[in-house]
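Next up: a single chain in structure tokens, the form predicted on its own.
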Amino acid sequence: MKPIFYITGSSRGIGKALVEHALKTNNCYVYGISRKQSVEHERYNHISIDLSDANMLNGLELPFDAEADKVILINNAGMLGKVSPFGKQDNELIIKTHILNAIAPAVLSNWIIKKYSETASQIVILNVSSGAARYPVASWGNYCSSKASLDMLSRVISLENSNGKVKTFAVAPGVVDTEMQSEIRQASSSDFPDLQRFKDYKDNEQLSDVREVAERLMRIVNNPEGYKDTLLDVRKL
């Protein structure tokens, strides 16, 4: 079996850890999709693109390998957006947040299914979602709603592909020690009522390591038949 990965947000955090984990499998090839490159490997090819740019997405065309037997798309790239209530939001940042978190995964999923549905024996789409997609968080309106859109996208693709050739998941990774968490801790307490809780996660060493989270996500990718539900939570696996 010749597996090929397409992983967004591949330059740092969970995305980079996923790339490094995938490359441990000798026969797999990885396409990393992000603005910056931070991985060098003979079986890694970097695609530089700003996935929050609608014009770039509209003309999207990725490398295609007709010999790939198993194709895995991991939509990991995401952004928190401005941490503040509505009425204090910037229109441009609202648009960029929804494009990156919701529209880019839809475009990429459409491309993968269209390109590989006739050549690959299996397609796995893993969307990195969030608990915030399923529970509202004050001042995270754009993040919550765009990740909720990602959950529904995953459910629809699962429904459309009940024959099992295309397996789709939306997985909440838990509270992970990434740059996004650092961004959250820098928010204003007047705009974000839950600020202290997130500072406590860091102070009390309650943040998950990116490598551990990546390993758990890869378990799903490597054994998609073992998971019946589309919406999953890393902490409950």
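A residue's number is simply how far along the shown sequence it sits, counting from 1. Because the structure is a prediction, the values reported are computed rather than measured.
Although it is not shown, the form predicted in complex with a small molecule is what the next lines describe.
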* **Of Cys144, Ile157, Ile123, Leu100, the one that lies within 4.5 Å of the small molecule in the predicted bound form (heavy atoms)** => Leu100
* Asked: When the small molecule is placed as it is in the predicted bound form, which of 186-194, 64-72, 171-179, 24-32 ends up with heavy atoms within 4.5 Å of it?
  -> 171-179
* Asked: Taking the shortest heavy atom distance, is Glu212 within 4.5 Å of the small molecule in the predicted bound form?
  -> no
* Heavy atoms within 4.5 Å of the small molecule in the predicted bound form: does Asn76 have any? -> yes
* **Arg216 within 4.5 Å of the small molecule in the predicted bound form, heavy atoms** => no
* Heavy atom of Val39 within 4.5 Å of the small molecule in the predicted bound form -> no
